[in-house]
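One chain comes next, on its own, written out as structure tokens in the form predicted alone.
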């Protein structure tokens, strides 16, 4: 089982992720090209202004109005993205397979960032269950996507600390990571692919057309 999930299934998940991402991006550009008001209004200046502004914590008015939510959201996304990229064990696997290596974070830092992902995910879950205005727009798919996003971190944490059977947790960790990778192009997790383009369009629309700020 381990040989399959750490071998052929890894290749399948990467092929689906890369192929699906290319398909979604190409589809987006084709759809945008049909709308004659999108590309002509795109502005590099206002696109970059909007992108830089929205990736800075507390830069927008809404972020300053909801400081706790801003901290939680940024912490979740930063740790979710950076932890698997700069994790030592993942780096070793890249090096063993393709002789590719880069900087890795200390294991204690990775532990802390993993815990942040888990607890912020629990916060998002409770928020969806408790707040009426959030629960009203929450569907079963939202719970499923939250599970898909946090499962690799829970299983990886348990496997690393060997609090449960190591081999089982390791297999579950690999499978959950592959499920997340495959899900990205075909679910709302695809916002990680679209964010740059949607924010660039919003910035161009507000800045170049409306002569105002989009925050």
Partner chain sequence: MTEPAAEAVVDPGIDEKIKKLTPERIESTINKVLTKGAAARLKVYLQTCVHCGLCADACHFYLSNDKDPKFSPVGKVKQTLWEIIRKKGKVDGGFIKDCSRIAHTECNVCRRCSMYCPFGIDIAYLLLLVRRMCALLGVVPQYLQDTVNSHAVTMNQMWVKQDEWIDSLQWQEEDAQDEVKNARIPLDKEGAEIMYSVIGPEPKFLAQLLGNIAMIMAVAGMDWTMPSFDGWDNSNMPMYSGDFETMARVERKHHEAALKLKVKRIVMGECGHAFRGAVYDGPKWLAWKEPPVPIIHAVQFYYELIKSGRIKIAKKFKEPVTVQEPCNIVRGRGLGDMLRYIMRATCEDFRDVYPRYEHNYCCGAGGGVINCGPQWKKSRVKGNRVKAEQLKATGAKFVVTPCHNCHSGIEDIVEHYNLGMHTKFFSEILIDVMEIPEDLKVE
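Note that the structure is a prediction, hence the values are computed from the model and not measured. Residue numbers count along the first chain shown, from 1.
Beyond the structure shown, there is the form predicted together with the partner chain, which is absent from this document and is the topic of what follows.
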property	result
Distance check, residue 194 to the partner chain in the predicted complex, heavy atom within 4.5 Å	yes
Residue 16, heavy atom within 4.5 angstroms of the partner chain in the predicted complex	no
Interface membership of residue 187, the partner chain in the predicted complex, 4.5 Å heavy atom rule	yes
Contact test in the predicted complex: residue 142 vs the partner chain, heavy atoms, 4.5 Å	yes
Check all three, 31, 54 and 206, heavy atom within 4.5 Å of the partner chain in the predicted complex	yes
Residues of stretch 23 to 43 in contact with the partner chain in the predicted complex (4.5 Å, non-hydrogen atom)	24, 28, 31, 32, 34, 35, 37, 38, 40, 41
